[in-house]
Structures are given as C-alpha cells and as structure tokens.
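What follows is one chain in structure tokens, specifically the form predicted alone.
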Amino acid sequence: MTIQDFIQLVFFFVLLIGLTPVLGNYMYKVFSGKKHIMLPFLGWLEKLTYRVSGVNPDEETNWKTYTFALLVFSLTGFVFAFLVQLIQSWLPLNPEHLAGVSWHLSFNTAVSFMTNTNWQSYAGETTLSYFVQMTVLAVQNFVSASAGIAVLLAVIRGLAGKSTDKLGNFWTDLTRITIYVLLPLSIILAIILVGQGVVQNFKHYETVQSLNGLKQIIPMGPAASQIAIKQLGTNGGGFFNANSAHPFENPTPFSNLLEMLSILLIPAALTFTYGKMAGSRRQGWTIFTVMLILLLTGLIISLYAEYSVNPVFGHNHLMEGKETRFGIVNSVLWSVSTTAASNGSVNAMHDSLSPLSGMIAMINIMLGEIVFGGVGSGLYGMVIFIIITVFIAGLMVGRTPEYLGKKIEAFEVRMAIIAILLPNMVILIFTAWACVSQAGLAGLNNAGPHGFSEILYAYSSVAGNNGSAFAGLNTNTVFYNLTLGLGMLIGRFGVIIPVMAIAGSMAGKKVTPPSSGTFRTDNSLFIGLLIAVILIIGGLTHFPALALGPGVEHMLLNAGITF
C-alpha cells in the first residue's frame, strides 16, 4: 500500500463520520414530524400522497396492524414486479425487443427487489427492458428501502416510548422516508453521476467498431437514476451485468468515491437518528462505534490478505478480478462496505478475492448484516443482538436485564433468538441441500473448497438480503431461482416479524428510572461485550462451514494448489 492509499481510506472514513450527525439529525426531524429544510419544497407532495391514498397521517396503529400493512404492501409490490416481467415483450420502452422473462426468474427477481436483496440471476442489459428497470426495479429500490427504515422507526418507538400500544403509522412513515430522504438524495446523486459520465437516456444500443475492426454493441439506458437509489437504499442491483465495475455505471474515481460513500451513508446516519429518538445520543454513538470497529477489522484483514505474498501468484498484488482503474484498495474497501451494509453492489469480482478476503465478505453477511447493514434493517438487526447482550449481562450481575429503562423478559429473548436462527438456518440447510443435489452442483464453475464457497456465499447473500455473489455460480435455474427466492423471503420477514413483536411488547412496558445498579449500555464495557456476543454467535454458527470453504482454500493456496 502507498501513502495515497492510506490518504484515500482516511478521507473516506472522515467523510462518513462527519456526515453521520448531519444526515442523522435531518432524518430525526423528518421522522419526528418537525420542521426541516425540505418541507417547504416537498410538503405538497406528502399532502397529495395522503389525499390520493386516503391515509390519515395522524392515525397510529399497534404492532400487528403496522406489520400487516407492511406485509400487504410488500405482497402487492411482489405481484406487480412478477407480472410485469412476464409480459415485458408487450410493454413500451423496450427498444431492443427483449422477450418476457421466465416464470422462475421473474419470481426470483420480484422477491429479490421486494426484499431489498437485489440478487440478480440475470444480465440486466440482455434481460430487462427500460420499462421494467424503471417501473419495477427502481421503484422497488425506493419502497423496499423505505419499508426497512419504517420497521426501524416502529422499533425505536417501542423501545423508547412511554407505555402505549401505538408504534406509529406505516403509510405515514413510508411516505415521509421516500419523499424527504430517499428522493432528494437520489436526485442529487443521480445528477452528479450523470456529470461524471454515467448514462441516462432511452436510446437504442449503440453498435461501434472496435480498434481491431470488430463490431461491438454498447448498451444504453436510464442507468444513473437507478444507480443513485441502488446505492443510497443499500439495494445494490446493477443496471448492467458488471454492476459498478461497468464504466457506464461507475466511470471515474469521483463517482467511485460517491457510490462507496452512499452505501454506508444512511445506515451510519440512522445510528445518530436512533440516539436522538431514544433520548440519548450516547446510545446512538455506542452502536455506531460497534459497527465501525467491526467494519475496520474486516477491512484490515481483507487488505492484508490481498497484499500478502503466496506461492501461486508469486507477488503481493492480487489484481485478478480487481477494478484496474481504481486499484486494490478501492476494490477491497468496496467489497467490505457492500457486504457489511447489505448493499451487494460490486466494483470488482468477489469470486476472484483471496480466500481470506472472500471469507470476510461472507462473515459480514453471516453476522446478520448488522455492521451498518441495510437501511433500517441493519440497525434493527443490531437491536436483536443488544437484547441478547443485555440478557447475558443481566444473568452475570444477577439483575433483571433492562434496555433504555425497560425490562427485557422471556418473550423478547425468544423473539430475538428466532430472528437470529431463521436466516442462519437458510444459510446452512440450503447450502447442504445444494451440495448434495445434482441441480445444485450443476451450477458450479469451480471444484473443491472454492466451489463450496460459491454455494455458501450465495445462500448467505440471500439470507442476509445482500445480493452480491461469487459470480462463478450459475444460479439462473429453476432450483436456484426458487430456493434462493425462498431464502430471501425468510431472511427478510423471518427477522421483521419477530422484531416487530419485540417492539409491540416493549411499547407497553413502563420506563424504570436508572439507578446505581443499572447496567449501562452506552460505555466502552458494553461496546466490548456486544462485539464479543456478535462474534461468538457468528463464530459458533458458521465456523465449520467457513473452515471447509475459504479456510481450506487459503491453506491449499499457500501450498500452491488452486481450484
């Protein structure tokens, strides 16, 4: 690594830390119904939305009604996305006359974008028309992200509010998040990206003559608008097959910086919002610190692995699959950020990462996508681990566990355990199924431990609603499209429903004033304990699988054996 590489890393994290309270405070004002800078400009759109939809923005609901509204909204989005893909060939804005999508791929893609996963078993430029990209994928990028943040808001109200059964209004939260947060940020980012050279048009694909005299088809399309929200909403689905390694999605070092920063920006800022809504900024900064420590640890290990000498390559710069325009550091920083934040976009091929770097990418996902995680989902996922940590701490000191002044009891612990177990069951059970079935093994591009890692990564990615992949695995088959789709559903709603149940239970509890015996959850001791619990749970669950995949591959690579 050079001095320039270190400067880039420091600059990136200084920007992230500096923008966290700025955006976090703005979102606090939006979510709390206070006056904010965008209200004079977009307030009319919020009112119009309520008038057209018939929503009463002041009506609050309990956790069951809130969750039901979320599920109905998600189901509606899925059905629309599924049907539009099937009839794509009959719809407008299809200059390349692309055919309708197969039923199993339509199912997988509709589930993927509805659950904020954006797993893609297809190449965007050869499979989906401009109409589908805009009305299905881009729209779901907005609303699936808004739904995740809405769940977080309900959880915060349940944890920090006074005794009540009301958690807010899902439709009001969804509207405000979309109009005041995601829409303005996406417009600003899209305009900047267009200025950097990202394509945004409705033209036919261009046919050009290359330097060696061959004809090449250059894809076009409204890419910039979708790329902006895919990054900000931690969605990650690429307009083009190569995702952000494509020069039309990510043309310059400045666009690369902005897209990487956008991955972590809202999840990081939400920790500050959390602290303000909970009545204690220290609580928010405590969670931010835990996330940042885990992110930096993974980044350091990944950089070490990519720069280490090994007998196969004979040098210490592993450039295979990297983005040569931006270098190893930017490729590794992106891989760590995108897997930590449940984004899934890539500017380099994860299948070509060194075994240890690939393992870090998988671990980020396997921890539950809580190292910043998806917008909203990362933070309510962290709340699950906080509940487990507080419960363990209570057992150690002999006191009833409390968080934010409310008692943590058996129901909350059971729900937290369910939310942790369900995604992990998807990873382990579905990976085992694929490894012993002909349909699962048929998609492999590599043998041995790397082939196993390809399958393990795929099911980890969908269970964590991440969407990135070891791209050597062919998943556009009936088996993979259906099992991966089911994994996404469990990974999303198998966490949301228990978390909402916790929020509903906590909402009705009384707040106990802190005393000398209260276990603090905003100091360095709690930070260390929370990190330990996260790593122990993740390690106990996935260490055997990781040892069989990237662990074995790392040792064999050092012995000069590749797969």
Partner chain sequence: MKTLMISLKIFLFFTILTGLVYPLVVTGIAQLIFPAKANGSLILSGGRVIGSELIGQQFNSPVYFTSRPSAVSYYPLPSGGSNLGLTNVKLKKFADSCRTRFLVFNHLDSLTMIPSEMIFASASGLDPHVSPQAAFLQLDRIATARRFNSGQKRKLVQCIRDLTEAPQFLCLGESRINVLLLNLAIDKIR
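Bear in mind that the values here come from a model prediction, so they are computed numbers and not experimental data. Positions refer to the first chain, counted from 1.
Omitted here: the form predicted in complex with its partner chain. The next part is about that form.
- Put simply, of Val478, Met425, Ile191, Ile417 only one has a heavy atom within 4.5 Å of its partner chain in the predicted bound form, and it is Ile191.
- Listed residues Gly54, Gly33, Gly517, Pro40 were compared with its partner chain in the predicted bound form; Gly54 is the one with a heavy atom within 4.5 Å.
- Mapping the unseen interface onto this chain, Trp90 falls outside it, with no heavy atom inside 4.5 Å of its partner chain in the predicted bound form.
- Interface residue remark: Val143 is counted as part of the site for its partner chain in the predicted bound form, having a heavy atom within 4.5 Å.
- The closest non-hydrogen atom of Ser354 lies within 4.5 Å of its partner chain in the predicted bound form.
- Although the partner is absent here, His97 lies well away from its partner chain in the predicted bound form, with no heavy atom inside 4.5 Å.
- Note that among 438 to 446, 148 to 156, 482 to 490, 261 to 269, the stretch whose heavy atoms approach its partner chain to within 4.5 Å in the predicted bound form is 438 to 446.
- Remark: none of the three candidate residues (Asn62, Pro401 and Leu548) comes within 4.5 Å of its partner chain in the predicted bound form, counting heavy atoms only.
- Along 531 to 563, residues Glu553, Leu557, Ile561, Thr562, Phe563 each place a heavy atom within 4.5 Å of its partner chain in the predicted bound form.
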